[in-house]
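What follows is one chain in structure tokens, specifically the form predicted on its own.
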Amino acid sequence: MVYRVAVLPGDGIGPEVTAQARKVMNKAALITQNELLWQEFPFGAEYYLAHNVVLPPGALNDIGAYDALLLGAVGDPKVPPGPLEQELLLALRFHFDQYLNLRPALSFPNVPLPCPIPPDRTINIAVVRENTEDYYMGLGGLTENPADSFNLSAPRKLYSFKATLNTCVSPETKAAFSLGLLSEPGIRRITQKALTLTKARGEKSLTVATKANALPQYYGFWDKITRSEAEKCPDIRVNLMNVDNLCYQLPRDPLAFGVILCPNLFGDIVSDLVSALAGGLGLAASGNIGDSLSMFEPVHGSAPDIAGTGKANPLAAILSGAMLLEHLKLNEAARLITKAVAEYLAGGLYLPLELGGPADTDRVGTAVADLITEPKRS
């Protein structure tokens, strides 16, 4: 089978780590008798600085013609915060309705952990983050006058939200606001994904992050709908946990957690925490998944300070590539990549510079690719 994959290398170390991911993915695809055809897109900081636009007209439709998208990283100190994040990353998530942000955290051999665990156990947590609602919808503003009016809108595949907000601040002072939105269909579909993943992993409980004690109308609604949806799976126990308590309990006993379902804002924070517990962002992969084009990327940023030095650890991008292949139903190819990463780290001789070894970016990618071999047939 031939699969067409778009790649957006992005900024900083993005082109370096995606090059290694492609090397490894090509090897795994070839061995499993598949082929990946790549199309590279130039969008990122350099494109924005050269053209004063993040995405040209039609770019999203062009990217959407492919089977999946591999993203390196975006961000550059020459570009102020906002345009690349909102008009590229969030634009991709919203346009393709990538409502599931899946961030697995798996511990590997020879990777130092901040919380020691028994040698025969591994951390294996999956954060299921709702990816299109909550406080990341771009619904906000800054009041400049005692009374201001704001027209807010958020088009989504599930619905179109519009609101007019009239503000009055007395005595006069500048103030900022941000609105979050949680919808019943949005909560139900992400809860379904979390329940399905829990069952696929053979687990009996699902942890749900909340903060209904402080925001009873908002996160109380989240709790009500997640519980209602979970009633369709009576064999899975739902544990609602205030997010502050969750962040306290995770480092104390990470082995007690499996699938964690989070609204968007909490998911961004909790997923970084569990990545740290499993060895760091250098191993943290993620997928932005929907019912059309899905996008896969390492959780880490563009790290422009080490771009071009060979210090970048490509393992997170490689593991994101494995997630992409699994999404395309190339399960054997994905398994071979994850197995090769584990074998490479277990060897312990030529670890990435980030993990205290001597291996530069290219050497890491080559070493992992070399470990991908024909699976033994009985």
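The first residue of the shown sequence is 1; numbering continues from there. Since we're looking at a predicted model, the values are computed, not measured.
There is also a form predicted in complex with ligand ATP; it is not shown, and the following applies to it.
Under a 4.5 angstroms heavy atom criterion, identify the one residue in Met241, Ile306, Leu182, Leu265 near ligand ATP in the predicted complex.
Looking at Met241, Ile306, Leu182, Leu265 one by one, just Ile306 meets the 4.5 Å heavy-atom criterion.
Pick from 233-241, 297-305, 169-177, 100-108: which stretch has non-hydrogen atoms within 4.5 Å of ligand ATP in the predicted complex?
Flagged stretch: 297-305.
For Asn313, is any heavy atom within 4.5 Å of ligand ATP in the predicted complex, or not?
Contact check for Asn313: yes, within 4.5 Å of ligand ATP in the predicted complex.
Is Met25 part of the interface with ligand ATP in the predicted complex - any heavy atom within 4.5 Å?
Although ligand ATP is absent here, Met25 would stay clear of it in the predicted complex, with no heavy atoms inside 4.5 Å.
Can you work out whether Val368 and ligand ATP are in contact in the predicted complex, taking contact to mean some heavy atom pair no more than 4.5 Å apart?
Outside the cut-off, so no.
Would Ile13 show up as a contact with ligand ATP in the predicted complex if we use heavy atoms at 4.5 Å?
Yes, Ile13 lies within 4.5 Å of ligand ATP in the predicted complex.
Select from 338-370 the residues with a non-hydrogen atom within 4.5 Å of ligand ATP in the predicted complex and write them out in sequence order.
The one in contact is Glu354.
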